[in-house]
Ligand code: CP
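One chain comes next, on its own, written out as structure tokens in the form predicted alone.
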């Protein structure tokens, strides 16, 4: 495995889940695999779970870790070709990438959507430049359109807690005061469709996800109908993906508080577990009583970020 962005990069998901269970039983089983290897984790945006879990995963595998926060202590980087660099950006990504890659064996990159251009965001320019010019295995620690480490952790969590062989998993849009990227919902949908679950997603009109992640699947616009009989409820906000409304890409089309996941919504389910990737806006995305309930999986889900990252780094190391 030379890159990690999509479920297809891992191959057989059942095998990956078995590997995750093995690693969770003994997190240090492969601690010699990364001996004298270095992981470079590059953050263009803020992080808590991704930074800590990926760094811990690399240490589990015996690796050295270098963390670079582009916004703290690094030169400001220009990312586009053809730009006259007469502003505040001192270095171009095309020089920075081969320099960075000379110090490491694996590269993780975290960068968000800018919402300046749908074409630019969905083209994943920054991540693609690392893949093209680094000469090293590259994995996404979230990008403009995907967050595969989160989605794999979500799948591991569902596998650990499912009560039926093929549970109903519902991802519901929920309100938020700011415009958020589609990376988490894109990846969650893509991974659920690749897994052996009954997947449904629900959102207001205008929030339809890109077909490259959901295929020809259409959302259920009636949230209550979608939640009926659910075994897992995954709440997440995302801004307009611009699929049916290109001019509205990245905009907040609704702040309808009736979409917040509360006890009334959860009562429609099959005593469902509640999931969210964190950080979460309480009493906008989810009510206090739901996130604090015994059926809330947000902490075990976050803990599984270490496991998903260990699986991915192990696979990347094995490709060296």
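If you're wondering where the values come from, they're calculated on a predicted model, not measured in any experiment. Residue numbers count along the first chain shown, from 1.
Another form exists, predicted in complex with the ligand; not displayed. Remarks below refer to it.
When the ligand is considered in the model of the complex, only one residue from 48, 293, 264, 257 comes within 4.5 Å through any heavy atom, namely 48.
When contacts are judged by a 4.5 Å heavy atom cut-off, residue 58 does not count as touching the ligand in the model of the complex. Using a 4.5 angstroms limit between non-hydrogen atoms, residue 272 is distant from the ligand in the model of the complex. Put simply, residue 150 is close to the ligand in the model of the complex: some heavy atom of it is within 4.5 Å. Though the partner is left out of this view, residue 277 does reach within 4.5 Å of the ligand in the model of the complex, counting heavy atoms only. Here the chain stands alone, but in the model of the complex its contact with the ligand, taken as any heavy atom within 4.5 Å, falls in 277-285 among 62-70, 249-257, 277-285, 29-37. Counting a residue when any of its non-hydrogen atoms is within 4.5 Å of the ligand in the model of the complex, the one hit in 89-120 is 110.
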